[in-house]
Structure formats: structure tokens, C-alpha cells
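Coming up are structure 1 and structure 2: the same protein chain in two forms, each one given alone as C-alpha cells.
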Structure 1
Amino acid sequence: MHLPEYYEFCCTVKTVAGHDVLESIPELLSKMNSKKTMIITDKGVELAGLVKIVTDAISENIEIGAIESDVPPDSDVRVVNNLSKIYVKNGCDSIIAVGGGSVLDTAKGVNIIVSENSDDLMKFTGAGALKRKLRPLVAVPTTSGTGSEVTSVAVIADPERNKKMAFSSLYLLPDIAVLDSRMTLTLPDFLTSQTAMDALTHAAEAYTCLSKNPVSDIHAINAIKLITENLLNVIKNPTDKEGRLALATAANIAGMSFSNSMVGMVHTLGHSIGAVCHVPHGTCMSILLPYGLEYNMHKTGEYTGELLYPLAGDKVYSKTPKSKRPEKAIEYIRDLNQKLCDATDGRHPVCLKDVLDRDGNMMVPEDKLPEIAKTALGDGSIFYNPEELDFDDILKVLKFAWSGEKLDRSLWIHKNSFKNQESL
């Protein structure tokens, strides 16, 4: 196992997972001295009937002070301020966030305001701005991808100042993450595949990027294994409770993994495509992952090769010679993407040019690629990528990902950094 010269690992969240664990929320909240809780969620989650399952699980000794479903797809400081007022007015003392990334980010923002008793979120941006534990926060994820229930960051937009505020502190980690298989049972197939590939990307990048460490490594391997063993079954058989729980758990441990080891260029490019062309995050991740692994292969091929075990199983791993494992692992990821594409009638695209919006228009026109590359240079995750990336590098990689061709690694040989690729 790879032991870096120095590493840190921290995930203070208590994760509770199972088929009917929502029922344990009241007890967990009481242990944290909470009596009245506020549920924050969004319209989609509420319409899917998931909030009802949560409220039904909350028994008498915890009172529900408010249920607010007014969270937009991108968390917004006005909503945060608004919800904070409701929290205070109704005398709540804890939050249950039911939903995906934006719901949780909003809940984290509300928790800062009500715990620090302030009305200006801006004061708490930046490292080290939060110095003490916030009020109790329970996260109930309704997708199996982002892993945001175990990450210590939150991004909240401030449209008036035209700014995105980034918060980062270990105190932003929820106290408890509740993974209940009922919460993801109704997730449509294409969203299931996208979010699961998002989690798989977290794990694969965590395993190959600069801050990898023993804990993040094993979490990553276990996450990939859970996904490859369950994803296709769940797509074919959406009510498979066991499979749903496995995917939710995989997303959770992949989240712990990447939030401690950070992620690299797949996220650099993915964030930028999302920012420029509004392509869903999971879609970008699944398309770009093979390219990221290929681009970094001369530096991290050994690690990519080890991913063949969770992707393909012990038999394939032991049969494949060591030097062939990295390519084989990437082949398995492409193959998985293709199978998901077939199983969802093309709603899980395998290259950027096939990404279509609801009206069937191409979401990433080829002439947008330079703008995406420019945006990518300003994404923080670029630091954690094992290999340097400049504008030209990014543009070339994007072109391959656009057309769906395999990355031609010989294009980089002249930069002399690829010369040690044979030394694997």
C-alpha cells in the first residue's frame, strides 16, 4: 500500500446506512440535545414524496419546526437568509437537509448564520473563518453521487454582488449522514447512471491524484467495487433495494475519499464544461474520466492499473500483466459507459458531442472548447492533478473527449514529460 511521506485524513461525520435507518434520526437528534428541527429540501424531492418518508420517520420526541422546499438548483444567499429567519422565528435548533448538493450547501449556509448569530455570510468565507462547532445538521442525500454529505465545503451564490462565495471548514461537515435505500429508489435510470459515474470518478481520481493516502485509497477501491458490482443491475431493476443501498454507500465513501485526497483534471475540465455549457456534472465526469486517466498515465499508471481489480474483479486482474493493467482499466471504464449508454437509450452519453439538451440540441458545440479550456485554467483542482496542464493541453484533451476517440498520447511526447511512460 502506498504510504505518502505525509498525509492527513479527517471525516468527522457519523454515517448511518441501511434500509430503514431514517427512523433513527429522532434518537440521534436527541443525543445532540435537539428538540425542534427544520427540514430543508427542494421541490423535486418533495414532489417525489421523499419528504413524507422522512417526516413519517420522525417520532414524537422531536418536533418539526418547519419544512422548507424553496431551494433553487444553485444555492443562493437570499434563500439562505430567508430560511435562517424562518429557523429562528420557529425556534428550531437543528436542520435536516433532504436532497442533493444544492440543498445541502443551502443548509450549511443557514447553519452558519443561525449558529454564529450573524446576518452576513460573507464574513465566514475563506480558510479558518469558522472556529467552533455549528448547530446539529443531519444530511439525507437523495442521489448517489456527489458525496456532499461528507464534504467540508459549500458554495453559495450572491447574485447581487455577482459572486460565488466558497466556504471551507471542517465545521461544515454535517454531524450525521443518513443513507436510506428508500431515498434513491425512485431515481430515474439516467440520473442513477450519471450520479454513480460521478461517484466512480471521485474514487478513481482520489486514487490517482497527488494527495492520495491509505484511507482514501481503500475507500476508493471499495467504492468502485460497490458501483461496478451493482450499477448495471440497478439500472435494469430500479427497485433493487440492496443495489440502491450499495450505490448510496459507494457515493458516501467515494466522497470521504476525494474530500481528503482531492481531485484532479477530470474535475477541472468537468467543472468548466458545467460552467460554460451547463452540462450536468455527472455526465461530464463519466465522459472525461477515461481521458484524465490516460493523460496522467505516465505518472500514475501504476495506480490506474490497480483500479483494474475493483473494476474487473480478481480473475481479470491476475490474468492481465502489470504493464497492460492501466489500459485495461480504462477500457473497462469506457465499456461501462457504453453499457450504460445502451441501457438508458442514449441518455448516458459517452462523448461531449452526443450531450443533448431536452430539445435535442447539442449542449457542447465544438467552438466552445477554447472557452472551456480558458475557464479550466482557473479551477483550483488543477493543482492536484499529477501532471501539468496548460491551455493547449486542455484543448487537445477536450477535442478527443468531444469526438469520443481515445486520447492519442503520442501528441505529448515532445514535451518530454511523457518519455518515462515505458518505464511502467
Structure 2
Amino acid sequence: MHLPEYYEFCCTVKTVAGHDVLESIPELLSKMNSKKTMIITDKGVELAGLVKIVTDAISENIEIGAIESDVPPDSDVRVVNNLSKIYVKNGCDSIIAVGGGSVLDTAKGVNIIVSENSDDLMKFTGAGALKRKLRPLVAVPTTSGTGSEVTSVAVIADPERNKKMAFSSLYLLPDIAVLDSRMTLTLPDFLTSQTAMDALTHAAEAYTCLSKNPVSDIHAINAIKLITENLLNVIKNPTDKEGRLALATAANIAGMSFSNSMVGMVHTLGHSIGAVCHVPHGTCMSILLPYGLEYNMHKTGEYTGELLYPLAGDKVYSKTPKSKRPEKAIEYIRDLNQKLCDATDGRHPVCLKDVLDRDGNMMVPEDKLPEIAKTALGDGSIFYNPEELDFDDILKVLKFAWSGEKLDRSLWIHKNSFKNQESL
């Protein structure tokens, strides 16, 4: 193993996991001197009855000052500002975030404003803007994807700029992550598949991008293994509590991994598709992951090849020649996406042109690809990608991902370049 000369790894989040662990939240908040909490969630989570499960588990032991479900699919700075006012008006002193990535990121944004006694979230964009610990935050994920319950980042949309703004600080780490299998039992099959592929993408990019390190690598490999061993079975048997908890754990440790090693072009493109066309993040990740690994293969093929072990198991890994492992790993990811598409009756799309809204309309028209490519150039994750990306590169990759064709790597002549050249 090649060790970097220097690396850091930090996760201060206390994770509590099991089949009935929501009941521990009041005691955990009490230890942080919290007496009145605000629950932030979204309409879907509320309608699914998950908020009631949480309130039934905790309301006898802690006062709930407000329950707010006005969180959109993409976290929005305007919603963050509004929820912050409600938090202050009701005299709350902590937050319980119950939901997926948008809810958790929204809660982090609210926590920034109320802790800093500010009215402008945009003052704290980027890295290092926060200088002190924030108010108590308990994260209860209802999907097994983002890992936001253990990450030091939040991505919040700014509709006025048509961009997703990144916030990064160790102070953004929640205090407690509660993984309770009850929270994902009712998650529809296509959301289960897409959010799990989001977690797999976190792990794969963490393992192959520029800031990888030995500790993040261990978390990434184990996350991928848990996903490939449990995802299809959970799709077929949605009430499998053990499988649900395994996927929640996978998302959690994948979050720890990429929060310390960062991600690359798959997230660069995914953030931009989300900003321009409002496609769910997990959908983007599942479609784009094979293309990102292919594009970077000439620089990170060895690491991509090592992913074959958790993806396919030791027998396939040992029987596959080293030079063939990278392509085999990507083949397994594509095959997994297709199996998920079949298992969800097509609701897990495998290319961008097949992503449809509720009315059956195409969400990513081909003529939007140039705008997406332009937006991607301003995304911070681009700096951690192993290979440089310019507008033309991004547009080419997007066109392949739109059509569903396998990436033709011979089209590229990079600045550091390759053409019909392999480093394996």
C-alpha cells in the first residue's frame, strides 16, 4: 500500500445504530443541555408516518418546540432562512433532522444561522468560515445514501444564482447520528436503489480521487461490500430490517470516507445536473459513476481495479487479471444499475435521457447539456478529480451519459494526455 506523506481523518459524530434506538435521543440531548428541540423534516417523510415514530419515541422526555416539514427535494437557502426564524421564535435550543440529504443539509444551514445569530447564510459559504461549535444537532436519516449525518459539508441551492452552494467545516458535523431501521422500512424501491448508489458513489470516488487516505479507504471498501451484499435483496424484500440497517451503516461509513477524502467529477456533474434540471442527486450518481471511473481510468485504474473485490467478491477478483480489473469493476457497476432498473420496473434509470418527471417528461433535454457543462466548471469537487476537466471534456462525458453509451476513451487527448494509452 502506498501511503500519502500527510493525511487527516476526523469524524466526531457519535453514531447510535439499531432497530429501536430513537428512544435514546432525549437522553443524548439532555447530556448536551438541550430542553426544547425543533424537528426539521419534509412532506414525504411526514406523510410516510416517520415523524410520528420519532415523536412517539421522544416526546415524553423532551419538549418539541416546532415541527417543520417545509423542506424541498433540493435544500434551498430561502427555506433555511425561514426555518431559522421559526427556530428563534419558538425558543428552541437544538435540532433533530429527520429525512434524507436535503433535510439534513437544510438543518445544517439552519444551525449555522441560529448559532451565529446571523440572517445571511451566504456569509458562511466555502471552507473555514465557521469558527466555533454550533448548537446541538441530531441527524436521523430516512434514506441510506447521502451520509450527511456524518459529513462536515452541506450543499444548499441558491435559486437566484441557479447554483448549489457548498458549506464546509468540521463544526458542521452533527453531534449525534441515529440509524434506526424503522426509518427506511417504507422507502420505495426506486429511492432505496438510487440512494444506495449515491452511497456507493461516495465510497468509489473517495477511494479513487486525489485526497484518498488509508483510513478513508477502509471505510470505502466496507461500504461498497455492504451495499453489494444487501441492496438487491432489500429491493426484493423491503421489510428486511437487517438489510435496511446494513445499507444505513454503509451510507454512514461511506459518508465518513468521502468527508475526509472528498469526491470528484461524478459529483461535479451530478451537482450541476441537479442545479440546472432538478434531477434527484442519487439518480445522477447512479448514472454517472461508471462514466467518471472510465474517464479517470488511465490515472486511477489501479484503484478502480481494487474496487472489484468488494463489488464482486474474492473469487471473481482473484480470477480476473490485474489489467482487466478496472473494466470489470465498471462492468459490475453497470450490471448492478441494470438489475436495479429491472427490479424497479424502470424507475431506476440507467441514462440521463430516461430520467422522467412525474408527468413523464424528460428532465434532462439534450439541449441543456452545454448549460450543465458550464455550471460544472464552477463546482468545488472538480479540484479533487484525478484528471483535469474542461468544458469540452465535460460535455462529451455528458453526451455519453445522456445516451447510455459506454464512454469512448479514445476521444480524449488530455493536457497530461492519453490517446490509446494505458498506464496499467
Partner chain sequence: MLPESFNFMCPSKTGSGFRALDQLPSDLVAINASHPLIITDKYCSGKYTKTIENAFKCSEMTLGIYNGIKSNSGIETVSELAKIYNNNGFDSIIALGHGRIADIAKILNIVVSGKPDDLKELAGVDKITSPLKPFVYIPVLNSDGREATGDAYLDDEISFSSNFLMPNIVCIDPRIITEESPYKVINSAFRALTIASESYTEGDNPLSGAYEHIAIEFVMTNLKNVVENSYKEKKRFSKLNLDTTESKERICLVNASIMSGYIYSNKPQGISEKLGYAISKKCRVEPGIAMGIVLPYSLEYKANRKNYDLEKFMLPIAGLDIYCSTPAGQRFDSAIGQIRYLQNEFYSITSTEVPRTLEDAGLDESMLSEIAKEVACDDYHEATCFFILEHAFYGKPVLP
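Residue numbering: structure 1 sequence, from 1. All of these numbers come straight from a predicted model, not from anything done at the bench. Take the two forms, superpose them, and find the largest set of C-alpha atoms that agree within 1.5 Å; that set is the rigid core.
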Mapping for form predicted together with its partner chain resolves to structure 1
| field | Shift of residue 268 between structure 1 and structure 2 at or above 2 Å (CA, core fit) | value | no
> Honestly, after the rigid core fit, is residue 324 moving at least 2 Å at Cα between structure 1 and structure 2?
Replying inline: no
C-alpha of residue 87: shift of 2 angstroms or more between structure 1 and structure 2, rigid core aligned?
-> yes
The CA shift of residue 124 between structure 1 and structure 2, rigid core aligned, in angstrom, is 4.7
Expressed in angstrom, the C-alpha movement of residue 39 between structure 1 and structure 2 on a rigid core superposition is 2.9
In Å, the rigid core superposition gives a C-alpha shift for residue 163 between structure 1 and structure 2 of 8.8
